[in-house]
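For reference, the chain that follows is the form predicted alone, supplied as structure tokens.
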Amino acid sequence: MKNFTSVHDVKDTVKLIRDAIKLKKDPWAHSALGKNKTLGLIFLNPSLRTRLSSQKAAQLLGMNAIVMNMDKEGWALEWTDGAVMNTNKTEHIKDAAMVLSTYCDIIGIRCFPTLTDREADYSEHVLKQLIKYSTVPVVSLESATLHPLQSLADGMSIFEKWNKPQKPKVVLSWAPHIKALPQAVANSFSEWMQQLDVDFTITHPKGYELAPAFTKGINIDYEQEKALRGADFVYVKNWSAYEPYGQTPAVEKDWLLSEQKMKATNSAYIMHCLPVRRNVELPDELLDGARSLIPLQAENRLFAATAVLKNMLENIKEIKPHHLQHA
């Protein structure tokens, strides 16, 4: 793959998941692949799993990793073409991307939404501007609308735990939170589940519908208890409303999952991407219970990143060096 921004950049989703699971069994098997290659990681927003897993994945492949917290350490970037830069923006992404492409063989970027301007957020302007001006592959470390590395790890976790002939029922269940959160994880999980052989349902209160582009044809149930019946995997996640954008409409019923509610499932596994606000989004009893896949999901973030970087490095090696293209 050239870039990794969504499931649509992946030629074969199942193969990529299986490749990641294979890498997990022998993490250092390709430690020479990234020799003399550099991964540049640009963070405009906070991170724990994404940052550390990407750095460690680079190490597993023999790459050097450079990390820059652009919001704290870098110049303020201008993302708009043709801008008259007479405000607080110091460097244009056109120039920054040129430098990054010179120093790095692959660039990763993490850029959250504003949750105030839906058109701007869903245009993925920041991510697309970096891709536009970069001359090397770009990996999304979570964008305004999607988090593909998380979804790849989620797919791995489901594959590792499911060994029955029938397809599993997977439920994405909205959860309470104290503030408005992005829709990226929910959007992305929905995209990836549509590429896999699963029975997929999303359940949330009315008013928390996701963007139609990510949920077309998917079963949406406003009754959590009904949606949970017979579930094999329950992915718990909060998100803010798509319309009115970024808002948190009042919710009447109790949407906090519990052991009692889980009795309606098929002894379902519990999933969450982390970070999680304990006893707000999920109770301790489920987070720490025997059916929790949350530690596995976090572990798999490392091998999801490794699989993506490996694929990119193999693609880079197939491309003839620029100075030899016309030889």
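Every value quoted in this text rests on a predicted model; they were computed, and no experiment measured them. A residue's number is simply how far along the shown sequence it sits, counting from 1.
Here the subject shifts to the form predicted in complex with a small molecule, a form of this protein not shown in this document.
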Handout entry: Ser47, Ser31, Ser292, Asn64 - the one with a heavy atom within 4.5 Å of the small molecule in the model of the complex
Key = Ser47
Exercise for the section: With the small molecule left out of view, choose which of Ala264, Leu274, Met68, Val280 has a non-hydrogen atom within 4.5 angstroms of it in the model of the complex. Expected result: Leu274
Practice task
Choose from 281 to 289, 22 to 30, 47 to 55, 255 to 263 the stretch whose residues reach within 4.5 Å of the small molecule in the model of the complex, heavy atoms counted.
Solution key: 47 to 55
Exercise for the section: Examine Gln150 and determine whether its closest non-hydrogen atom to the small molecule in the model of the complex is within 4.5 angstroms. Expected result: yes
